[in-house]
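One chain comes next, on its own, written out as structure tokens in the form predicted on its own.
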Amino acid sequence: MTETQFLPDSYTQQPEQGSVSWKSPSNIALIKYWGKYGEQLPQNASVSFTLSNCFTETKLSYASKDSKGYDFEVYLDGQREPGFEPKILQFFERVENYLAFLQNYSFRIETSNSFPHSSGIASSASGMSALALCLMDMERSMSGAEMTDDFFNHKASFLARLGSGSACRSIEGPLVVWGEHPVIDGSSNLFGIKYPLDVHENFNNYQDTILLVDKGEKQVSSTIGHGLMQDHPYAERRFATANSNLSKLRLVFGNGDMDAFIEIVESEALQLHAMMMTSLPYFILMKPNTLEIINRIWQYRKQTGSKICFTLDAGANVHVLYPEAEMTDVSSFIQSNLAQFCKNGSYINDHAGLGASRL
């Protein structure tokens, strides 16, 4: 597909008012996307687990108007949140060519998260994907032609990407690939696709416990972090390594090699942070408790033979990944050995999910 395939046909009807609601999950990348070009296009392909319990619920209410221009208000947990509105305005400006009705309505965007905002659990991914799905729901109701689910999902992912790159991986699940890659048929820089190949039963209902080391605002926004890759001395090598790791992970998903999975996923997480530590300006996003948790995971794995591992986003929190068969033992280990390093002992038990849903 190309961008032109997402340009709208004429709308056969435009309702005076209404509302639509969607729930969309966050996701956690196994192969990291870090560095972009053009309009939110990835420098390397990535693959992620879609989550289930970490999600955003968004209600989009709309009423027709005669004046031109964008007209919207954003509410977080029932409170007006003007700080979000510049990002929504930028999003509307980017997607207007693909949603020709945007200036015909006044919008009220009511949103809430099941997890702490801006704490490294990709609230922009779940939030922007939920909003994109609401807008696509509007467009589908206005269109005279039948819209397939595949087209709906691809365009929703395409739109979500223009708000937040990783948001394009939150539409479907449990595994989603974003970025053109020679060994993944149908992969695209324009939108995420559900992983199209067979996946070994070892990865069914994979568990992710998110240890909330720091529940405050991220030290560096993802936008700034991606920008630091443009002149990064190791950027090209990093992009090539990520694509190579996705090729390796494709084999792992097929054969169920858990040790190889651990090696790839943990290496990817540490490379992401290495890029931030070697940029200009440079940042250390991990906290002392992040490192303590990582070391304890390594010790536990060595002592028990567990297939537990970790990954990180661009922040201090730790995603503890493990197979469903180990849920009881790993949960006990987290409670007794890792929770003490979390802010107020807080963590979220999650698992791979199936993507967004209409409310």
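Note that residue numbering follows the sequence shown and begins at 1. Since we're looking at a predicted model, the values are computed, not measured.
Heads up, the form predicted together with a small molecule isn't pictured, but that's what we're talking about next.
Heavy atoms within 4.5 Å of the small molecule in the predicted bound form belong, among the stretches 190-198, 89-97, 247-255, 159-167, to residues of 159-167.
Taking the partner from elsewhere, H154 is found to have every heavy atom lying beyond 4.5 Å of the small molecule in the predicted bound form. At a distance threshold of 4.5 angstroms between non-hydrogen atoms, L272 is in contact with the small molecule in the predicted bound form. Contact annotation for W34: at least one heavy atom lies within 4.5 Å of the small molecule in the predicted bound form. Mapping the unseen interface onto this chain, I293 falls outside it, with no heavy atom inside 4.5 Å of the small molecule in the predicted bound form. Among the residues S279, Q207, S222, T111, the one placing a heavy atom within 4.5 Å of the small molecule in the predicted bound form is S222. Residue-level contacts in the predicted bound form: of C54, A314, V330, V320, one residue has a heavy atom within 4.5 Å of the small molecule, and it is A314. Contact with the small molecule in the predicted bound form, defined as a heavy atom within 4.5 Å, is made by all three of A29, S124 and H226.
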